[in-house]
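Shown below, as C-alpha coordinates, is a lone chain in the form predicted on its own; questions about how it binds or moves come after it.
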(Lines give C-alpha, C1' and ligand atoms only; values in the text may rest on other atoms or scores of the structure.)
Protein backbone atom coordinates (compact mmCIF):
# COMPACT_ATOMS: atom_id res chain seq x y z
CA UNK A 1 0.00 0.00 0.00
CA UNK A 2 1.19 3.51 -0.83
CA UNK A 3 0.09 6.47 1.28
CA UNK A 4 0.95 9.78 -0.40
CA UNK A 5 1.33 12.94 1.67
CA UNK A 6 1.90 16.18 -0.25
CA UNK A 7 1.99 19.85 0.62
CA UNK A 8 4.14 22.98 0.70
CA UNK A 9 7.23 23.46 2.87
CA UNK A 10 6.67 23.41 6.66
CA UNK A 11 3.07 22.23 6.36
CA UNK A 12 3.89 19.33 8.68
CA UNK A 13 4.48 16.63 6.06
CA UNK A 14 7.65 15.09 7.48
CA UNK A 15 6.53 14.95 11.10
CA UNK A 16 3.11 13.58 10.21
CA UNK A 17 4.38 11.11 7.60
CA UNK A 18 6.96 9.67 10.00
CA UNK A 19 4.36 9.19 12.72
CA UNK A 20 1.92 7.52 10.32
CA UNK A 21 4.69 5.21 9.07
CA UNK A 22 5.67 4.30 12.63
CA UNK A 23 2.12 3.56 13.73
CA UNK A 24 1.35 1.45 10.68
CA UNK A 25 4.80 -0.19 10.64
CA UNK A 26 5.34 1.07 7.09
CA UNK A 27 8.55 2.27 5.50
CA UNK A 28 8.94 6.03 5.12
CA UNK A 29 10.24 7.93 2.12
CA UNK A 30 11.03 11.66 2.18
CA UNK A 31 11.38 12.55 -1.49
CA UNK A 32 12.31 16.12 -0.59
CA UNK A 33 15.40 14.85 1.22
CA UNK A 34 16.57 13.30 -2.03
CA UNK A 35 16.45 16.67 -3.81
CA UNK A 36 18.07 18.32 -0.79
CA UNK A 37 20.91 15.80 -0.84
CA UNK A 38 21.57 16.52 -4.51
CA UNK A 39 21.44 20.26 -3.79
CA UNK A 40 24.02 19.81 -1.04
CA UNK A 41 26.27 17.98 -3.49
CA UNK A 42 25.97 20.83 -5.99
CA UNK A 43 26.83 23.36 -3.27
CA UNK A 44 29.81 21.32 -2.05
CA UNK A 45 31.17 21.14 -5.57
CA UNK A 46 30.56 24.87 -6.09
CA UNK A 47 28.67 24.17 -9.29
CA UNK A 48 26.60 26.78 -11.08
CA UNK A 49 22.89 26.33 -10.36
CA UNK A 50 22.07 27.85 -13.74
CA UNK A 51 24.03 25.06 -15.48
CA UNK A 52 21.26 22.49 -15.71
CA UNK A 53 23.28 20.00 -17.73
CA UNK A 54 25.96 19.88 -15.03
CA UNK A 55 23.32 19.24 -12.36
CA UNK A 56 21.79 16.47 -14.47
CA UNK A 57 25.21 14.82 -14.64
CA UNK A 58 25.47 15.11 -10.85
CA UNK A 59 22.18 13.28 -10.30
CA UNK A 60 23.23 10.45 -12.63
CA UNK A 61 26.31 9.89 -10.47
CA UNK A 62 24.65 10.29 -7.07
CA UNK A 63 23.55 7.67 -4.55
CA UNK A 64 20.96 8.64 -1.94
CA UNK A 65 19.59 6.22 0.63
CA UNK A 66 18.04 6.22 4.10
CA UNK A 67 18.41 4.38 7.40
CA UNK A 68 15.53 4.16 9.88
CA UNK A 69 15.61 3.60 13.64
CA UNK A 70 13.11 4.07 16.46
CA UNK A 71 14.54 6.17 19.29
CA UNK A 72 12.43 7.28 22.24
CA UNK A 73 9.28 6.21 20.43
CA UNK A 74 10.09 8.38 17.41
CA UNK A 75 11.02 7.32 13.90
CA UNK A 76 14.48 8.70 13.19
CA UNK A 77 15.62 8.74 9.58
CA UNK A 78 19.18 9.41 8.48
CA UNK A 79 19.94 10.52 4.94
CA UNK A 80 23.07 9.32 3.19
CA UNK A 81 24.64 10.91 0.13
CA UNK A 82 27.28 8.76 -1.57
CA UNK A 83 27.69 6.90 1.77
CA UNK A 84 28.14 10.11 3.82
CA UNK A 85 25.60 10.99 6.53
CA UNK A 86 24.17 14.37 5.45
CA UNK A 87 21.07 14.35 7.65
CA UNK A 88 21.90 17.70 9.28
CA UNK A 89 23.58 19.37 6.30
CA UNK A 90 20.58 19.03 3.99
CA UNK A 91 18.45 21.07 6.41
CA UNK A 92 20.73 24.12 6.29
CA UNK A 93 19.20 27.38 5.05
CA UNK A 94 21.65 27.41 2.16
CA UNK A 95 20.19 24.15 0.92
CA UNK A 96 16.60 25.33 1.47
CA UNK A 97 17.33 28.45 -0.58
CA UNK A 98 18.57 26.46 -3.57
CA UNK A 99 16.66 23.16 -3.56
CA UNK A 100 13.78 24.44 -5.69
CA UNK A 101 16.28 25.43 -8.40
CA UNK A 102 17.40 21.80 -8.58
CA UNK A 103 13.95 20.24 -8.18
CA UNK A 104 12.46 22.22 -11.06
CA UNK A 105 14.81 20.65 -13.65
CA UNK A 106 12.80 18.13 -15.67
CA UNK A 107 15.68 15.73 -16.33
CA UNK A 108 16.56 15.68 -12.62
CA UNK A 109 12.99 14.89 -11.67
CA UNK A 110 12.83 12.07 -14.21
CA UNK A 111 15.78 10.33 -12.55
CA UNK A 112 14.52 10.99 -9.02
CA UNK A 113 10.97 9.85 -9.73
CA UNK A 114 12.22 6.60 -11.22
CA UNK A 115 14.30 5.97 -8.08
CA UNK A 116 11.35 6.78 -5.83
CA UNK A 117 9.05 4.44 -7.71
CA UNK A 118 11.62 1.63 -7.62
CA UNK A 119 12.06 2.07 -3.88
CA UNK A 120 8.40 1.94 -2.95
CA UNK A 121 6.54 0.02 -5.62
CA UNK A 122 4.71 -3.10 -4.37
CA UNK A 123 5.66 -2.28 -0.75
CA UNK A 124 4.01 -0.60 2.20
CA UNK A 125 5.29 2.97 2.19
CA UNK A 126 4.31 6.40 3.44
CA UNK A 127 5.75 8.75 0.82
CA UNK A 128 5.88 12.50 1.29
CA UNK A 129 6.72 15.30 -1.08
CA UNK A 130 5.10 17.79 -3.44
CA UNK A 131 4.04 15.66 -6.41
CA UNK A 132 3.54 12.20 -4.93
CA UNK A 133 -0.22 11.94 -5.44
CA UNK A 134 -0.15 13.71 -8.81
CA UNK A 135 2.96 12.33 -10.48
CA UNK A 136 5.14 9.86 -8.56
CA UNK A 137 2.31 7.59 -7.37
CA UNK A 138 -0.89 8.83 -9.06
CA UNK A 139 -2.52 5.50 -8.19
CA UNK A 140 -1.58 5.67 -4.50
CA UNK A 141 -4.07 3.90 -2.23
CA UNK A 142 -4.53 7.02 -0.10
CA UNK A 143 -3.65 10.64 -0.87
CA UNK A 144 -3.41 13.53 1.56
CA UNK A 145 -2.57 17.18 1.00
CA UNK A 146 -1.47 19.17 4.04
CA UNK A 147 -1.71 22.94 4.15
CA UNK A 148 -1.13 25.68 6.71
CA UNK A 149 -1.05 29.48 6.65
CA UNK A 150 2.17 31.08 5.45
CA UNK A 151 2.66 32.70 8.85
CA UNK A 152 2.28 29.41 10.69
CA UNK A 153 4.62 27.60 8.33
CA UNK A 154 7.24 30.34 8.67
CA UNK A 155 6.99 30.17 12.46
CA UNK A 156 7.45 26.39 12.42
CA UNK A 157 10.48 26.56 10.15
CA UNK A 158 12.01 29.41 12.17
CA UNK A 159 11.64 27.50 15.45
CA UNK A 160 13.02 24.34 13.84
CA UNK A 161 16.13 26.18 12.64
CA UNK A 162 16.64 27.99 15.96
CA UNK A 163 16.36 24.68 17.81
CA UNK A 164 19.26 23.45 15.69
CA UNK A 165 21.24 26.62 16.56
CA UNK A 166 20.99 28.12 13.07
CA UNK A 167 21.17 31.92 13.00
CA UNK A 168 18.13 33.07 11.03
CA UNK A 169 15.73 36.00 10.89
CA UNK A 170 11.99 35.27 11.08
CA UNK A 171 11.29 37.66 8.20
CA UNK A 172 13.86 36.01 5.93
CA UNK A 173 12.44 32.56 6.70
CA UNK A 174 8.97 33.68 5.60
CA UNK A 175 10.38 35.31 2.48
CA UNK A 176 12.21 32.07 1.58
CA UNK A 177 9.04 30.02 2.07
CA UNK A 178 7.03 32.30 -0.20
CA UNK A 179 9.77 32.10 -2.83
CA UNK A 180 9.82 28.29 -2.64
CA UNK A 181 6.03 28.14 -2.89
CA UNK A 182 6.14 30.20 -6.06
CA UNK A 183 8.90 28.16 -7.70
CA UNK A 184 7.43 24.81 -6.67
CA UNK A 185 3.87 25.60 -7.78
CA UNK A 186 4.79 27.22 -11.12
CA UNK A 187 7.55 24.92 -12.37
CA UNK A 188 6.78 23.08 -15.59
CA UNK A 189 7.94 19.69 -14.30
CA UNK A 190 5.52 18.10 -11.82
CA UNK A 191 4.54 21.26 -9.93
CA UNK A 192 3.31 21.30 -6.35
CA UNK A 193 -0.41 20.62 -6.69
CA UNK A 194 -3.25 18.89 -4.89
CA UNK A 195 -4.43 15.69 -6.53
CA UNK A 196 -8.17 15.89 -7.33
CA UNK A 197 -8.84 12.88 -5.10
CA UNK A 198 -6.62 13.98 -2.20
CA UNK A 199 -7.94 14.46 1.34
CA UNK A 200 -7.07 18.04 2.36
CA UNK A 201 -6.09 18.95 5.92
CA UNK A 202 -5.32 22.46 7.13
CA UNK A 203 -2.82 21.92 9.95
CA UNK A 204 -2.57 25.59 11.03
CA UNK A 205 -4.40 25.17 14.33
CA UNK A 206 -4.10 21.42 14.77
CA UNK A 207 -1.67 19.42 16.87
CA UNK A 208 0.43 16.63 15.42
CA UNK A 209 -1.72 14.02 17.16
CA UNK A 210 -4.93 15.57 15.81
CA UNK A 211 -3.65 15.45 12.23
CA UNK A 212 -2.30 11.92 12.62
CA UNK A 213 -5.57 10.65 14.07
CA UNK A 214 -7.59 12.28 11.28
CA UNK A 215 -5.39 10.69 8.63
CA UNK A 216 -5.55 7.26 10.27
CA UNK A 217 -9.36 7.49 10.46
CA UNK A 218 -9.49 8.45 6.77
CA UNK A 219 -7.31 5.46 5.88
CA UNK A 220 -9.64 3.20 7.84
CA UNK A 221 -12.63 4.81 6.12
CA UNK A 222 -14.00 6.29 9.35
CA UNK A 223 -14.18 9.91 8.10
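Numbering follows the first chain given and starts at 1. Keep in mind that this is a model prediction, so the values were computed, not measured.
Beyond what is shown, the protein has a form predicted together with 2'-deoxycytidine-5'-monophosphate; the following relates to that form.
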Here the chain appears without its partner; judged in the model of the complex, the stretch of 61 to 69, 46 to 54, 179 to 187, 165 to 173 with heavy atoms within 4.5 Å of 2'-deoxycytidine-5'-monophosphate is 179 to 187
4.5 Å heavy atom contact, residue 79 and 2'-deoxycytidine-5'-monophosphate in the model of the complex: no
Quick one: does residue 109 come within 4.5 Å of 2'-deoxycytidine-5'-monophosphate in the model of the complex, counting heavy atoms only? yes
Should residue 91 be counted as a contact of 2'-deoxycytidine-5'-monophosphate in the model of the complex, where contact means heavy atoms within 4.5 Å? yes
Answer with yes or no whether residue 126 is in contact with 2'-deoxycytidine-5'-monophosphate in the model of the complex, where contact means some heavy atom within 4.5 Å. no
Residues in 95 to 109 with any heavy atom within 4.5 Å of 2'-deoxycytidine-5'-monophosphate in the model of the complex: 99, 100, 103, 109
